[in-house]
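In structure tokens, one chain follows: the form predicted alone.
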């Protein structure tokens, strides 16, 4: 006979509905596979009267967590409410009430993860969070357990499907950023307010969690340098393709001798690298380990069913006791690991792409070359396209790629270039991915 496990679900949006549907419609199959029968005893929501896409059992829906926390038959609380402050209070209350927690809340763990994990340990409980990073991709446990014998040199991820969809559609459809964003919103890949996606914040949350697990260090969200995709134009994507690159919003954690570098920014990936082929709303992560070498994880990083799949997997791990043993035994979570040394900003060396809007007057390219040369930047290629008209003025988009150089030198050159005669706007800068394994790029 299957062991009955009481579940309290907090939040019943897209992921919550998908999870409830799986628990109700696949109850017998789950029990047959796992020996566990999950009973949905409480669904805590702000508006109990709201119509939902799943028929929930009578009497389980309500607005207050008190009854759920007081219910001794609830063994696992599943937090899918999102946000940080209210979610933190609810999760800490669940742990202090003797309940294990499963969460998909990347913002909560990026901001309060150290406190949450410590509270779980003090209460003799555990927190499982596979769904918080990369949705349906089994990434966290692959890194935490599968690569436990490795020192992780680097992890690179396309961790936001909204941004990846927008960049893909811009290039494939010859579309503007605004048009691609509107299409993403229409298809449900982007929120009505897409700010947290397109400005890189969502990816930074996920990178903070992933880097903490991979590097076995307590990483801080505030130490992630973040820039989004709103400044990327179609000409950049097309120019990158001519050069053999594909633009991705890349979340990067890389260990150097002088410290850890955490960055989220648009990056040109050489088309030979597997990350370059990741299109549309999909996610992918490359991890480089000392023994395993390059491992690659790919799949749907968001959406109701994929994320609910990861949540259910965590519930099974918690109910079977596996998650609790791993949580207690492996000293890899931020409450048990020291903070890293961080690499000084601007020290990372890479090739860079620059697009410079230049008034069509003699001597402009020479002035650009001199400005770059003053910072010790060597030009690898330079391309001048046919000048379009901009308010009646001929503006030449000049595309420059550099040889490897520190980012701080490029930033200084960009600041100087804004004052150069004929440069009509701040240059666009996109770094070029460098493979730690010595491959493409």
Ligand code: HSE
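Note that the rigid core is defined as the largest set of C-alphas that superpose within 1.5 Å between two forms. What you see is a predicted model; the values in this text were computed from it and never measured. Positions refer to the first chain, counted from 1.
Missing here is the form predicted together with this ligand; even so, the following discussion is about that form.
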With this ligand left out of view, which of 327, 117, 189, 288 would have a heavy atom within 4.5 Å of it in the predicted bound form?
-> 189
Find the only residue in 139, 78, 166, 159 having a heavy atom within 4.5 Å of this ligand in the predicted bound form.
-> 159
Just one of 224-232, 238-246, 298-306, 166-174 has heavy atoms within 4.5 Å of this ligand in the predicted bound form; which?
-> 298-306
Answer for residue 202 alone: is it within 4.5 Å of this ligand in the predicted bound form, judged on heavy atom distances?
-> yes
Is residue 197 one of the residues lying within 4.5 Å of this ligand in the predicted bound form, judged by heavy atom distances?
-> yes
With both forms fit on the core, is the shift of the CA atom of residue 143 between the shown form and the other one 2 Å or larger?
-> no
Could you check whether the CA atom of residue 315 moves 2 Å or more between the shown form and the other one, using the rigid core for the fit?
-> no
Cα of residue 184 displaced 2 Å or more between the shown form and the other one, core superposed?
-> yes
